[in-house]
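As structure tokens, one chain now follows by itself in the form predicted alone.
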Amino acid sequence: MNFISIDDVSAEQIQKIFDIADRIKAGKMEVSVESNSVMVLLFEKPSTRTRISFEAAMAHLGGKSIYLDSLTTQLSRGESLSDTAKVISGYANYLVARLKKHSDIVELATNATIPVINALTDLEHPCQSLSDLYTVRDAKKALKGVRLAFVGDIAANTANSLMLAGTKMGVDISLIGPKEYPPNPVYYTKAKEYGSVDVYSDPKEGLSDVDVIYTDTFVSMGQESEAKQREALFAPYQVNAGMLKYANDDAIVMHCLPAHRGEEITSEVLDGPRSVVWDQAKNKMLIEEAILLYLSENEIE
């Protein structure tokens, strides 16, 4: 089994991953992967939290990690992804990939004989979305019926995965951003099949009765040429103290990091009492441990 898209898992499977994470967190289970397991991390994009959290997760489970920057592999000289996947499958037990194109991770998964995990592509960030929902569940003591607003670039990979995962788990999604950057139609249509997703260009309207305010960078990796245009269009969607007033009084604030303080979010909010950003970051490691165990042959019963 691979985990390259939220559509790879059902609501029941997501709940099982959360149950494993709960048991790890409570110290109620012995956690380990198959003896001497090896995880290869193949990254085309920079990373702080994702790389560290996966390597720490594997260490906690008793395995080892090998980090590969794609520029220092034979991929940089033209070796195919399919050949790379076949070779890594002979050396390792898991392949975690952070790639520019989603089609590339599909190619890896098609040719690998070990579990492939998506650590971010241009279309999805599935491990992040599970960490996010786990954090929401901890803070709000439930998921079903919670209203979460994603503010800013609602066409981004983070928004795609979060709307799919959220609606599968009963979260009502509010997408708030400029009309010039509408949500990805494929992910939006699929999320609508699972649950409630509404789109707004007016933050005040979109944040009404919201329990969770989520934002991410306005300029993702690979969009640097659009920076000036995006900064102007997205400026009204900055998550600041004024915007928090539109949501419920107990609404929490989330950001998957890295944060560009003073752009998509202010330091006052990021470091404020309603922010759960640091718990959110910490939960990445816990959820990744649970995902690795779930994909393991030694799946916990």
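Start at 1 and count along the sequence shown; that's the residue number. What you are looking at is a predicted structure, and each value in this text was computed from that prediction instead of being measured.
There is also a form predicted in complex with ligand NVA; it is not shown, and the following applies to it.
Listed stretches are 233 to 241, 62 to 70, 34 to 42, 254 to 262; the contact stretch with ligand NVA in the predicted bound form is 254 to 262, by a heavy atom cutoff of 4.5 Å. With the partner omitted from this view, the residue of Thr135, Thr158, Thr167, Asn93 that lies near ligand NVA in the predicted bound form is Thr158 [heavy atom within 4.5 Å]. Checked against ligand NVA in the predicted bound form, the residues Ser220, Ser208, Ser201, Asn111 give one hit for a heavy atom within 4.5 Å, which is Ser220. Ligand NVA in the predicted bound form comes within 4.5 Å of a heavy atom belonging to Leu120.
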